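What follows is a single chain, given as structure tokens, in the form predicted on its own.
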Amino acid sequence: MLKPVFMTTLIFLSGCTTIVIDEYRRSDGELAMGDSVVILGRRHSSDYETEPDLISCVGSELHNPALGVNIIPEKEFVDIMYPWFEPRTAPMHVRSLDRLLENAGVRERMEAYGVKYIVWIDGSTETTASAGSISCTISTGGAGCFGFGTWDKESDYEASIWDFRDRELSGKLSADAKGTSYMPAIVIPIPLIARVKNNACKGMAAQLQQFLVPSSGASS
């Protein structure tokens, strides 16, 4: 009887997270049948790289063919466009698309995949503070832990939406999420994790959906 109660407690307890989404819109989304969207992470900085799992998460949350949102996975797109979207060669500004599309091979592959929007996500999630300690012992009488630990995480991401066909910036979104996780330990450590990056992913994906398919806002 004790085990099921313990497992239920782990599932429903978690750290708290706050998230703030800001949006700057120059034009509404205009996805048509057969159009595709690419979600890419910026990795040009020496201090950090936008995590591949965050890009994969946003793409998975946003992919919805029934709603007309077809996402090309990041790795697939970078591989087919090699080497033009590698970190060292990727265009940093929307005006760079003119020069990039002078390459017939690049232009043909982008058109073959029906690319309408390229979404660049820049940022990262970091641990900003931690405190407390937990000690564990093992003896002939058994094993156990005692203590309390806590740590703060902060996500800071910005998405720039490029209209590939009109070669212009359609808008920008930012997602700032903060949360504190806790780890009380009385015999057994119990992690209460604040899902900061995951919540930033879901918040940004929901806002991108409303941006790219404005009519979906009421049902999202």
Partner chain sequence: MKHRIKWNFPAPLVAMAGLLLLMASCTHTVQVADDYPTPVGEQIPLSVGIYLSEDFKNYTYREDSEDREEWNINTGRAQKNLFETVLGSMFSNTVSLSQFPQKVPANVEIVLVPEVRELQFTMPRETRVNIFEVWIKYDINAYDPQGEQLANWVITAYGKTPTAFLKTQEQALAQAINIALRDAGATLYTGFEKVPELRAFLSGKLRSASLQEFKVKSRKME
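Residue numbers count along the first chain shown, from 1. None of these values were measured; they are calculated from a predicted model.
What comes next is about the form predicted in complex with the partner chain, which does not appear here.
- Look at 65 to 73, 52 to 60, 163 to 171, 22 to 30: in the predicted complex, residues with non-hydrogen atoms within 4.5 angstroms of the partner chain sit in 52 to 60.
- Shown alone here, Lys202 lies farther than 4.5 Å from the partner chain in the predicted complex, counting heavy atoms only.
- Within 4.5 Å of some heavy atom of the partner chain in the predicted complex lies at least one heavy atom of Arg88.
- Contact check for Gly114: no non-hydrogen atom falls within 4.5 Å of the partner chain in the predicted complex.
- Put simply, Val106 is close to the partner chain in the predicted complex: some heavy atom of it is within 4.5 Å.
- Heavy atoms closer than or equal to 4.5 Å to the partner chain in the predicted complex belong, across 80 to 94, to the residues Ile80, Met81, Tyr82, Pro83, Trp84, Glu86, Arg88, Thr89, ordered by sequence position.
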